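A single chain, nothing else alongside it, follows as structure tokens in the form predicted alone.
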Amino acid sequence: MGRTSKEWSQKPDLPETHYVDQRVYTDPQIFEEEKEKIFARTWMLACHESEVSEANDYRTYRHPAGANLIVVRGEDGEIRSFYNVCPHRGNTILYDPSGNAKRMTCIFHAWSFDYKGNCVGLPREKAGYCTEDGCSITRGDLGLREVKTQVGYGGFVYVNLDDECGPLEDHIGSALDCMIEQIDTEPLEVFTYHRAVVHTNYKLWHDTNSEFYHDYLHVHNRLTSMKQEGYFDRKMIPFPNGHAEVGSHEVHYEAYGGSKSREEAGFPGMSGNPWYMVDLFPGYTYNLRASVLRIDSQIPLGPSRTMIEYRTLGLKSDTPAQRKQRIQDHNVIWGPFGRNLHEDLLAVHGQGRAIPSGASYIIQAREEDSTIHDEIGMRHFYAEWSRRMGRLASDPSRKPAARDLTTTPGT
């Protein structure tokens, strides 16, 4: 017998760390607070250095906090980021998503800027901004607003809107140590980029990446992983700042008709077909399957709308044969028409539609000694979310206590 509406909306008989109030996915005020308290104060992955490989290459980036940024490689080789805003009237400077510009020029009044953000072109400068007593405004007063930028962990460009933020390495910590040899020994290169706009909250996509009970969704994963020895022994490992590692294991691609080995197009220090995966707070995933590194980057567009960017990378030194192999391996699993990705998108879209149906709480209560189907990764994420937001994820009207921020199994 089904539950009544009253029963459907009751709090689960579980510890408060083991469920989430649906308002954290749907409330517009909570989303605005996330932009201020999380996105604007956290290192966010904007792009990869190979996307701005030459001097004066740029890429624009819609920051989750709402800012429009420019990421540009200078003539000195350094990558910097700026607000994509002219200091004169607040006009957008660069409209194309990427390109090469020795001078970044605003179309409104033709003010122009160099790769360091300096104002280098000011039409009728003396006629308009100087008096007999001298210039009241000079080019030095009119530079672009710079944003903290660091490149690392596989050559990815991270930005932080908070001028007082700590270094990127303090945020990441040791969360990526399991794959650092593979991604940091040789330069990487993006060879596939695509994105999807999904009508769901960004946390629901991150939830899907943070738990593997959902492997029942994937025919491919059930055969190549779930039915293989050692799958259920893998551990979910929480790290400070809300990050979590999904324990690595060997994938048996031959169980679904694939090639037995992908070593011909592997990564440094890797043999066989291992799979490494790390979820970074608040919404990034490093996913390394033998010959392909996939990065999921989320750009929330609203409480119920999310743009997900997918970048796939190989070694910059790939031979044509190795690159061809990587592309094929990517397309059959993770491409827009592959076996895996569209199933995840369908599932997360379904969650986004179902949550407003009257259900008040989302359960995250599986405990299996921190192994692969244990939902500790999700509980760990919401403990960090609660700490940063000053709201308890299971009851956003309350402030979290110390006991609400633990991810210890069984507590």
Partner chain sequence: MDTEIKASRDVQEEVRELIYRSCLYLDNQDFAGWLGLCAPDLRYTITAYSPEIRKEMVWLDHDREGMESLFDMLPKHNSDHSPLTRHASVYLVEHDGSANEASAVTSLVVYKTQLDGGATELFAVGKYFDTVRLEGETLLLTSRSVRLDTRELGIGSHLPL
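This is a predicted model, so every value here is computed, not measured. Positions refer to the first chain, counted from 1.
Form predicted in complex with its partner chain: not shown, discussed below.
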| item | value |
| --- | --- |
| Answer option from R62, K37, R366, H342, heavy atom within 4.5 Å of its partner chain in the predicted bound form | H342 |
| Position in contact with its partner chain when the complex is considered in the predicted bound form, options T285, S304, T192, N273, heavy atoms within 4.5 Å | T192 |
| In the predicted bound form, R222 touching its partner chain (heavy atom, 4.5 Å) | yes |
| 4.5 Å heavy atom contact, L217 to its partner chain in the predicted bound form | yes |
| Its partner chain contact at Y95 in the predicted bound form, heavy atom, 4.5 Å | no |
| Partner contact for D374 in the predicted bound form: its partner chain, 4.5 angstroms, heavy atom | no |
| Contact stretch among 332 to 340, 168 to 176, 108 to 116, 264 to 272 - heavy atom within 4.5 Å of its partner chain in the predicted bound form | 332 to 340 |
| Members of 53 to 73 lying within 4.5 angstroms of its partner chain, judged by heavy atom, in the predicted bound form | D57, Y58, R59 |
